[in-house]
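Here we start with a single chain on its own, the form predicted on its own, put down as structure tokens.
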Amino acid sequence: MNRGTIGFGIVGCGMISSWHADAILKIQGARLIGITDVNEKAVADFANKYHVKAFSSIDELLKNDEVNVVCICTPSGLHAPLAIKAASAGKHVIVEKPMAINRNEAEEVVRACETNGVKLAVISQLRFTDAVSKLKNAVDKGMLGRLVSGDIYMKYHRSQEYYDKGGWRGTWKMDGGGALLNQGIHGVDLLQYIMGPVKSVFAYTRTLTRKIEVEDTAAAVLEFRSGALGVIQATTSTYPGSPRKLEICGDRGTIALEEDNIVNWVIEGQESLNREITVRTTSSAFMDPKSISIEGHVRQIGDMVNAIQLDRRPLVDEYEGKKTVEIIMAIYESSKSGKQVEIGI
């Protein structure tokens, strides 16, 4: 590769692979090398569209010296095995959420990265929005005082047709979970990113409307290590769905986000910023996953390029990705056992 240029290979030609490809094309210092998938026609079509190499297998892709980073855009059940395979080949890894579908797999991914000295980023693009950055900064500076509660509501809609398409969605083997592990994981990541480590959970998960193996409705109560309490709600069963809502409350202020917009900012002793919060983005991702902007991927993949060039950790590395898997696995365990579950992260 040219000095300073990071070469990318993509594994998987599903819907999200285009977000990765389009993002890579926008990032200075990044170059898309090629694509592979078990579907030969999909690989050929993708390679023709982006004018890149069509690799016949992941093994062929991993042997290519131009590929420095592997983007894993496959069904969730393949994320961990492919991340381990890429790391073992000495490649840096960007993996779509979740990084793994259970605790053991997540730990194996961490070990593979540590053993082979490679960097890994778990796609959690919401952390890179301006609204979340502003919220995180306010919390870290103590502007809200002592944190009291942190709540995330993700009442999404996914049709039965969505689950039926492709055959893997909504299965334990390949999806690993439902409204939480697939759709809601971004919100769970945001909540723990802002509020800090989770100490324990008590939860219910149910399959109420969709003909799938995994949950389409979930509700959990959390205790954070700070002593603050929180709520997670996630669905794919509600119609027509509603925008994601995140509310962080302290004893000196409250900040609330709806999707990527700050909709409430009130801090004791300061003039409310609510009047200034007038410019808002629109998103219908809660009802249509294809409407997600690529801007978050641009920022996060750009962060990975910068991390490689400066030899630092990416913002959402394997350790951060493991935290979210741990929380969701604890929620599933609590629902199954009917008991509170402690989290050892």
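Bear in mind the structure is a predicted one, so any value in this text is a computation, not a measurement. So that there is no doubt, residue numbering starts at 1 and follows the sequence shown.
Just so it is clear, the following notes concern the form predicted together with a small molecule, a form of the same protein that is not shown.
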message: Please tell me whether the candidate spot formed by Cys73, Ile123 and Asn182 is one where all three residues come within 4.5 Å of the small molecule in the predicted bound form (heavy atoms).
response: yes
message: Please determine whether Leu78 contacts the small molecule in the predicted bound form, using a 4.5 Å cut-off between heavy atoms.
response: yes
4.5 Å heavy atom contact, Asn39 to the small molecule in the predicted bound form: yes
query: Given that the partner is absent here, does Ala44 sit within 4.5 Å of the small molecule in the predicted bound form, heavy atoms only?
result: no
message: I'd like to know if Gly9 sits close to the small molecule in the predicted bound form, meaning any non-hydrogen atom pair within 4.5 angstroms.
response: no
task: Work out which of Lys155, Lys91, Arg210, His186 lies within 4.5 Å of the small molecule in the predicted bound form, going by heavy atoms.
output: His186
query: Ok, Lys97, Lys119, Lys85, Arg127: which has a heavy atom sitting within 4.5 Å of the small molecule in the predicted bound form?
result: Lys97
message: Heavy atoms within 4.5 Å of the small molecule in the predicted bound form: which stretch in 31 to 39, 63 to 71, 47 to 55, 304 to 312 meets that?
response: 31 to 39
